[in-house]
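One chain follows as structure tokens, the form predicted on its own.
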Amino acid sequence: MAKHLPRKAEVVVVGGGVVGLSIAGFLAEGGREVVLLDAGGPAGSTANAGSLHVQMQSRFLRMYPEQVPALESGLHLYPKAVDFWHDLERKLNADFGMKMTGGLMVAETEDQLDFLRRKAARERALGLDSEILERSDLDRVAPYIGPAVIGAELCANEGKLNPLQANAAIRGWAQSCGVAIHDGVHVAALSPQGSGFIVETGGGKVHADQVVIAAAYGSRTLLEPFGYELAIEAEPLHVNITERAAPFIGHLVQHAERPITLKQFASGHVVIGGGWPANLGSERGFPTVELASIIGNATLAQHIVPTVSNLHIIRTWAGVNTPTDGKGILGPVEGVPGLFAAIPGDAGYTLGPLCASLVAECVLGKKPAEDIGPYSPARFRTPAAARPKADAHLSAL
């Protein structure tokens, strides 16, 4: 963290994940003076496993069936988000370790395969490139898949990247654009003052003309005083990573019913995730791993891809996902001029840079490249919502 926070800034971005960093960079390129405040810790971006999700994830469909219509309404953004990752990689002249070889969602039973057939048909109708593979097709396309699998859905739009490389490149770009990044700064509260805001932190107060809240599940607390009750929560999840191996997993691999994601980076490491639980652990909400998830996650991985059993797990970690009501929370906060929200929702890392660009366009007074009206925070505004009054002790700043 820098020694001193600035007393004033044109724009304060709260949250230093891929969304916050991208927004800050876009705003700085647009001529704004930007201060980014990040509490730190293993949150969504810093603990991300690098999946570029496009097809609807079976885990989400089974856990939140009432939210499927909302998810489908925004499905068109997912392939655009992957394209945006490509564009950003080129723009930054960086190497994100991107591989676009498609995503497999595997089935072990006829019921699961029927579920995938229905899902793929719906996704094709919504514009995705999805097809069903029988076992004979899998033997040709993905011979590393174990004998328990009888078929799969292949979504050609999906892929993977190395989040360590991508995050570092985006952070460096934001700094090169002039963004002042302050790490280890927890934003405790946000209050209005005049036409701007007071951002209260453990390191002091910053007056901002505009504020963008890109703090994932932490955004809920910051928006509550303004009469908004966001349907978001912290979902701590587990990840394993193995030692390096020669390339053998070509796709992003998921399961039609069970929680698993498998992918292999260009480095040779195999990353195993997919929704196994972790613990939030501490008062600040930093997640910790669970032994049962380490074992269960690894056991399922070698069941689906038997060659994984030959590898040692070298590290485990936990991150925090931020589920919403099935779609993102993006754009101006109604009734509070100068305040914006940027919470992509399901598969938030995939959607991150694209959603960041759309919100940044709003902050700059431009028309977003995509219609973000359906993702407005206004749907969470309580009937009695009102802009809170500035506390007297803040008026001296």
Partner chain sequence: MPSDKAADRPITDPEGSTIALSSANAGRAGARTEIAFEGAPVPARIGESLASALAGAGHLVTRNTARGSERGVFCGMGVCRDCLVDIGERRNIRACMTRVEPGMVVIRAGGESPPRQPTNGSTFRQLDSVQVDHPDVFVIGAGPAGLSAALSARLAGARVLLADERAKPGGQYFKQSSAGAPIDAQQEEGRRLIDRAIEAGVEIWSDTLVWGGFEPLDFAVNRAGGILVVRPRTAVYAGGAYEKPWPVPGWTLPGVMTTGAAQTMWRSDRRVAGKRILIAGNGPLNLQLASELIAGGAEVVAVVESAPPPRSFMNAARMALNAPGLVVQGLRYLASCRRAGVPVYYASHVGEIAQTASGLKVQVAGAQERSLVADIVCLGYGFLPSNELLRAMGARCSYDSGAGHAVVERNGECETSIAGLFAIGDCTGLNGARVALAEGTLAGEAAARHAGFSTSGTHSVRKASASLRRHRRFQKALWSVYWPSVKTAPTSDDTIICRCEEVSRGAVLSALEEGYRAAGSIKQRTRLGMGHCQGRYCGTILSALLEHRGHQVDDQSGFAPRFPVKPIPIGCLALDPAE
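Residue numbers count along the first chain shown, from 1. Nothing here was measured: the structure is a model prediction, and the numbers come from that model.
Keep in mind that the form predicted in complex with its partner chain is not shown, yet the notes after this line are about it.
Residue stretch of 133-141, 246-254, 90-98, 114-122 approaching its partner chain in the predicted complex, non-hydrogen atom distance within 4.5 Å: Of the stretches listed, the one contacting the partner is 246-254.
In the predicted complex, residue 315 touching its partner chain (heavy atom, 4.5 Å): Yes, residue 315 lies within 4.5 Å of its partner chain in the predicted complex.
Residue 272, heavy atom within 4.5 angstroms of its partner chain in the predicted complex: Residue 272 belongs to the contact set for its partner chain.
Taking any heavy atom pair closer than or equal to 4.5 Å as contact, tell me whether residue 296 reaches its partner chain in the predicted complex. Taking the distances in the predicted complex, the answer for residue 296 is yes, it comes within 4.5 Å of its partner chain.
Answer for residue 276 alone: is it within 4.5 Å of its partner chain in the predicted complex, judged on heavy atom distances? Although its partner chain is absent here, residue 276 would touch it in the predicted complex, with heavy atoms inside 4.5 Å.
Interface residue in the predicted complex among 195, 73, 176, 310, criterion: non-hydrogen atom within 4.5 angstroms of its partner chain: Contact residue from the list: 310.
Please pick, from 150, 289, 232, 156, the one residue with any non-hydrogen atom lying within 4.5 angstroms of its partner chain in the predicted complex. Only one option qualifies, and that one is 289.
Residues from 171-204 in contact with its partner chain (non-hydrogen atom within 4.5 Å) in the predicted complex: The stretch touches the partner through 171, 175, 183.
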